[in-house]
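Okay, here we've got a single chain as C-alpha cells, the form predicted alone, with questions on binding and movement later.
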C-alpha cells in the first residue's frame, strides 16, 4: 500500500493496547512513536500470565488475522496450551495459553523492534491542542512531541491508587507511578469519566508448596495455538495444579472483611463481576463450602506461582493466614502480596466506532481507559485505534468492524452504544452470530480485509492464500465424492440405508460424523493436512443452522448501510419518548443498526427514526 504523506501517530502506553496500536499504525505507513515510562516494561503482564480463554481467544485470533502481535508472542512464550470447552461445539471453544512472563515480554519487545516504531521513555503530562484538534503530547520534563494523532492506552495508570488493607499508594502498577496530570486534563475537557477497580492475588513461592497431594492439570497433547501461523510450542510444557479453599479459609476471610479495602469503603470503583475477589466470593456465595484455585507457574526459570482465584485487597498478614489454610499451601511463602487497584476511565459512549473521542478530534482511546478488562480486549481495541488513527491522518476511509463479522465488532459496538457499569469482559454469549464467528475461522473472516489494507507482511499473506487454496480444494473434493446411504451406514453414519447418495461434505454436517469417518470413505482426502480437514468439519457442523443467521446478518448489514449524520437532531422527532431522544443524543449512533441497540429502542421507535431520517434526506436534497 502506497501512502503519499507520512503523518505521525503517537501512542501513549506500552501495554497490550499500546503495542497493538503502535503496530497497526506503523504497518499503515505512519511515523509512529510509542511513549512509555520504561522501555523494559513494554509488553509486561500486569496480572495473570495467561492469554486467551472463552471469548478472549476469539479476540486474539482476530487480532492475529490482522497481523497483530499478541497471538505470536503468546505462542512464542507459551508453557501450557489448552482449548477450553473442547467437549462443546467449535463456536464456543476458546484457545488459552499459560505463558512465561519474561519470554512473553521479550517476544513483544522483539516484535515492536522489528517495526518502524520509535520508543520514547517518559511520562505524558498533557495533550497539545491546536485549532481544536489534539496535535501531540507534552512530557513531564517539558519536552513537546508533536503529532497528527494521539492514542491513549493508559491502562490502570490514570489516577491509579493501589489498596492493600488500610494502606493506599499512588501507582498504576506495583512500583510504578500513576498518571495524574493527564487524568486532570481529561477531566478538564469535561469528558464523562468514572472509577473502576481490579485486583490481583498474592504470588507464591513454588518451592514452599506441597504439590504431592494436589490434582495436576496438564496441557493438551495436541495444542491449539494462538496464532494461525504457529505450528507448535517453542518452550517446554508444564503442568498446573488445582486446590480449593475450605470452611476454615472462609472463616478467616469473614472475620477480616472489615480490613479489606473493598469492604471498608476505601474503594469507590466497581470491579469485574465475572472475576470477583476472594472477599466477594465468600460474601456473595456464602453457601459454597469451597472455591477452586488454579496454581499456575509464571515462568520456567523461577519459582513464582500465580494462584488464580484468590485476588484480594486484605492486609498482608491476613493473606498469609488464609493462604496457609489451603491444602498444599500450609507452608506457602508469599513473594508478592495481592492488592486492588482503582483507576479512572472514560465512558466509552463518548467515542466513535473508530474509538476517537467525539469532543476531542485527534484523540483516540484504547484498553482499560475505555472501561474494559483483560489483555485481549485491550489488544483488540489497540488494533482498532491504531488502524483508524493512521487512516484518519492519511485521509483514508475509516476501518470499521461489524458485530456481524467479528468479536472485535461486538465489543466496540457494545462499548460505544451501551457503555459500561463494570469492567467489560468478552464472552461468547455477547455475540449473536457466534456460529459463524468462531475462533478457528477468524482469518477467513478478517484477513482479506487486512490484505486489502496492505498491512500484512508477505509471509502471512502467502500463508493465508495457500491455506485458503487447500480449504477450497478439500471442500471441492468432498463435494465431488458421493456415497449411497447403505455405504454411509456401514461407515457408522446415522442415515437411511436407501439408494439416495450424499456427498462427503453433507455427511460431515451430520452429528457425530467427523474427519475419521470421511477418511474411511475417501482415503484420498488424507493428502490434506489434518488442520484443513478439521476446519471443514467445523464449517460443515453449522452449515444446516446458518441459513436463518445469514438472513439476520443481511438485515443488520442493510441497517448498517442506513447511516445517520453526526449532527442529526433527535429532539425534533415526534413519536420518540424524551428519555430515548436523550439517549440517542448522548450515544450519537452512526447507523440504524447501532440505533437499534440503544437501550429502550422499540420496533415502533426504530421505524419512526428510519422515517424521519428518510424525510430529512429528501429535505436536504431539495435544499441542495
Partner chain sequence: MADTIYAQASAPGKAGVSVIRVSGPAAFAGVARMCDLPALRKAGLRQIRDDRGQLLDSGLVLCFPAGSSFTGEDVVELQVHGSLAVIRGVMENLSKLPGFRPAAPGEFTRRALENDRMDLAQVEGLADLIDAETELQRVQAQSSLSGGLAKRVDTWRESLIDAASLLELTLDFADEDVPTDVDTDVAGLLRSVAEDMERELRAADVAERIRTGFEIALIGPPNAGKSTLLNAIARRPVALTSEIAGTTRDVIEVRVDLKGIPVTMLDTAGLRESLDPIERQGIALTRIRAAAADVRVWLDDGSTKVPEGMDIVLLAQDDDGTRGGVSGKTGAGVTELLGRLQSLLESRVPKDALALRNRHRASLERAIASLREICGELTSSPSELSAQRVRDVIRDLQELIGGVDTEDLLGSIFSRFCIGK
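Residue numbers count along the first chain shown, from 1. Keep in mind that this is a model prediction, so the values were computed, not measured.
FYI, the form predicted together with the partner chain isn't displayed, but the following is about it.
For the three residues 76, 228 and 395, verify that every one has a non-hydrogen atom within 4.5 Å of the partner chain in the predicted complex; reply yes or no.
Judged in the predicted complex, none of 76, 228 and 395 sits within 4.5 Å of the partner chain.
Answer with one of 430, 467, 195, 101: the residue that has a non-hydrogen atom within 4.5 Å of the partner chain in the predicted complex.
Filtering the options by heavy-atom distance leaves 430.
Taking 4.5 Å between heavy atoms as the contact cutoff, choose which of 528, 542, 463, 263 touches the partner chain in the predicted complex.
Checking each option against the partner chain in the predicted complex, the one that comes within 4.5 Å is 542.
Is there a heavy atom of residue 568 no more than 4.5 Å from a heavy atom of the partner chain in the predicted complex?
Result no; residue 568 lies far from the partner chain in the predicted complex.
Can you check whether residue 88 is within 4.5 Å of the partner chain in the predicted complex, heavy atom basis?
Close contact exists here: in the predicted complex, residue 88 approaches the partner chain to within 4.5 Å, heavy atoms only.
Taking 4.5 angstroms as the cut-off for heavy atoms, does residue 211 touch the partner chain in the predicted complex?
Result no; residue 211 lies far from the partner chain in the predicted complex.
Considering non-hydrogen atoms and a 4.5 Å limit, does the partner chain approach residue 276 in the predicted complex?
Residue 276: yes, in contact with the partner chain in the predicted complex.
Quick check for you: of 544 to 552, 487 to 495, 186 to 194, 387 to 395, which stretch puts a non-hydrogen atom within 4.5 Å of the partner chain in the predicted complex?
Heavy atoms within 4.5 Å of the partner chain in the predicted complex occur in 544 to 552.
Relative to the partner chain in the predicted complex, which residues of 434 to 450 have a heavy atom no more than 4.5 Å away?
Residues within 4.5 Å: 434, 435.
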